[in-house]
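Encoded as structure tokens, the following chain is the form predicted alone, with no partner shown.
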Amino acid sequence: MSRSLILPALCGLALAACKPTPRTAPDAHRPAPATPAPAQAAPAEPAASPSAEAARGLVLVRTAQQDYNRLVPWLKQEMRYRKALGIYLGRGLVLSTAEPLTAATYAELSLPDDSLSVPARVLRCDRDLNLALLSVAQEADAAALFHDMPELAIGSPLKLGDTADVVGKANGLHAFARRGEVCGVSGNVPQLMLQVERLPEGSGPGTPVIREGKLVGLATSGSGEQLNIVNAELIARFLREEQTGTPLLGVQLRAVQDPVLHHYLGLTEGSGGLYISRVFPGGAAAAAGLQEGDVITTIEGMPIDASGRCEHPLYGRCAAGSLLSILKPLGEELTLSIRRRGEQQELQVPLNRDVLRSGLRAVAEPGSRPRYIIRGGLVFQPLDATYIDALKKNNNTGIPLAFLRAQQQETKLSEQGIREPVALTLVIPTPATSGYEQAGEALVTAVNGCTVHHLDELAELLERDTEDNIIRIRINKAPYELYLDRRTADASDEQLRRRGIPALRVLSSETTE
């Protein structure tokens, strides 16, 4: 059909559609139309649930982490990039997990859809609870990032069998809330296990758990159908207390369910407790008078059974040893009932973390510069928990025998006034260390006949003049004594500087040399 014919046809159809319909008489058998009802307002959209409302406070936490290599202490490890969720609490504060912020050199907060990112400042980190508190680094960024985000209060703690909502944003855009149920307890510091239907991707660390519009938990690990969460009572304590870290008694514990041990300790049938097999020097337990051989029978009035468990109102039947770290905060006293040589006693134990301050159990702050001395190619470091931990992660064969001996003699070393055992950790091949290549990973006991009590003292002893210009270093494994010629050691030190080692000595009393 030609275009000239199509246009009139279309116009004709349009006119036909607009032509008025002729009026007809009403049908006698057809009922009259009902009077139309007055117009009603459109139904209001349902209000957002408290859990969905909380999702508006979600943020992303991104970090760059770079710690020192504790086994080669003048080097740093490769940079790692991490992320976690965080939840806005109000007043410019964001709660997230501590693990991504350990040794972080940079942190930022961003909206879940990545439409805005700003540098962040870490206010407090608790690695035991795995909680961190952040804010924006520049106050001017707060209004833009936290605009229209609701403040979130802390709710009542969860207990076994309780239900709550895991809240997130799928792909950073779509809010969701999935119901979960508390089904168990795990960890040395007790965390609740929340069983939940499968969660969208990205619902891991930092995911908030909401009940009745309040924060009752924060996920620290897990994905899919189970999350481990920090309970509301510990979140509230973390926000309230300026101190970080959970209390440590400084004891080694063992359940008494073994019949032979039960009989040896003179325990009656059906009784239980935790046997103290070791008390570490410098800790809260040692200060309170706890002794090896004591049996802890109750904690804060809660009886301990033969398997080492007790019934807690929130966490149910769980390992009593794990409760020692959360029942009360640092600075308060914990009430313990003990059985000592057949008699019951009650002790008040002031809660602290002193056991980590010195000796083999000392822990270095993540990201802090390791302390060390290099002399002639021999590398000396404090033999502390941080170094031992790094050694375990790097060495599948376990802790070297020389270090195991030192651990077994920890109490004896403390009694000798050795507040910081020093180890020969590494031997760099130089003219001064020829023949000593296998002497590393040993405890240093003396230099030129003088006992070594700490790293600073070792630095002084290595520089003392001797008549024959020989430095004699005593260690606790073969060949047991090393001899360094001072002139050869000086020349080797100069070579090491030229080879790019930035500092041959980093001590507590001086930064570098």
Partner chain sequence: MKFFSLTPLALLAALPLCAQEALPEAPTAEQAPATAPDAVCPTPEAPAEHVAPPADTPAAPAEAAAPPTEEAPAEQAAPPAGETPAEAATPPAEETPAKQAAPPADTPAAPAKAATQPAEEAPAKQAAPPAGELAAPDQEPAPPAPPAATDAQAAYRSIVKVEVAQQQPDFDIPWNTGEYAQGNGTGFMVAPGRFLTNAHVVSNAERILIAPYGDARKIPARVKFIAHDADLALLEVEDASSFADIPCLKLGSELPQLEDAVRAVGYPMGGRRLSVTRGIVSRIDTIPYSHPRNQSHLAVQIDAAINPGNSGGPVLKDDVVVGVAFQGLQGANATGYMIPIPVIRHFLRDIEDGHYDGYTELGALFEDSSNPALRRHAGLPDDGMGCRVADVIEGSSCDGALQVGDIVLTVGGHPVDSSGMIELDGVRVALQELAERAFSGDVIRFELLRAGQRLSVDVTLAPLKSQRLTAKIYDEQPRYIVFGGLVFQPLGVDVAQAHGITEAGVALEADAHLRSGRGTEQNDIVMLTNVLRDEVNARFANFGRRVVTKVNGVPVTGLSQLAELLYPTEGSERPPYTVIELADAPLPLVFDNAVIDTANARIRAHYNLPAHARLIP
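Positions refer to the first chain, counted from 1. Take the two forms, superpose them, and find the largest set of C-alpha atoms that agree within 1.5 Å; that set is the rigid core. If you're wondering where the values come from, they're calculated on a predicted model, not measured in any experiment.
There is another form of this protein, the form predicted in complex with its partner chain, and it is not shown here; the text below is about that form.
- Stretch-level contact analysis of 329-337, 101-109, 78-86, 425-433 against its partner chain in the model of the complex, using heavy atoms and a 4.5 Å limit, identifies 425-433.
- Here the marked residues 405, 408 and 469 all reach its partner chain in the model of the complex, each with a heavy atom within 4.5 angstroms.
- This chain is drawn without its partner chain; in the model of the complex, the residue among 455, 484, 54, 444 with a heavy atom within 4.5 Å of it is 484.
- For the options 259, 417, 119, 313, the residue carrying a heavy atom within 4.5 angstroms of its partner chain in the model of the complex is 259.
- A residue is said to contact a partner when one of its heavy atoms sits within 4.5 Å of a partner heavy atom; residue 450 fails this definition for its partner chain in the model of the complex, lying far away.
- Residue 252 belongs to the set of residues with a heavy atom inside 4.5 Å of its partner chain in the model of the complex.
- Although the partner is absent here, residue 275 lies within 4.5 Å of its partner chain in the model of the complex, judged by heavy atoms.
- In the model of the complex, its partner chain sits within 4.5 Å of a heavy atom of residue 263.
- Superposition on the rigid core between this form and the one not shown places the CA atom of residue 144 less than 2 Å from its counterpart.
- Here residue 438 counts as shifted, since its C-alpha moves by at least 2 Å between this form and the one not shown after the core is aligned.
- Positional change of residue 403 between this form and the one not shown reaches 2 Å or more at the C-alpha, relative to the superposed core.
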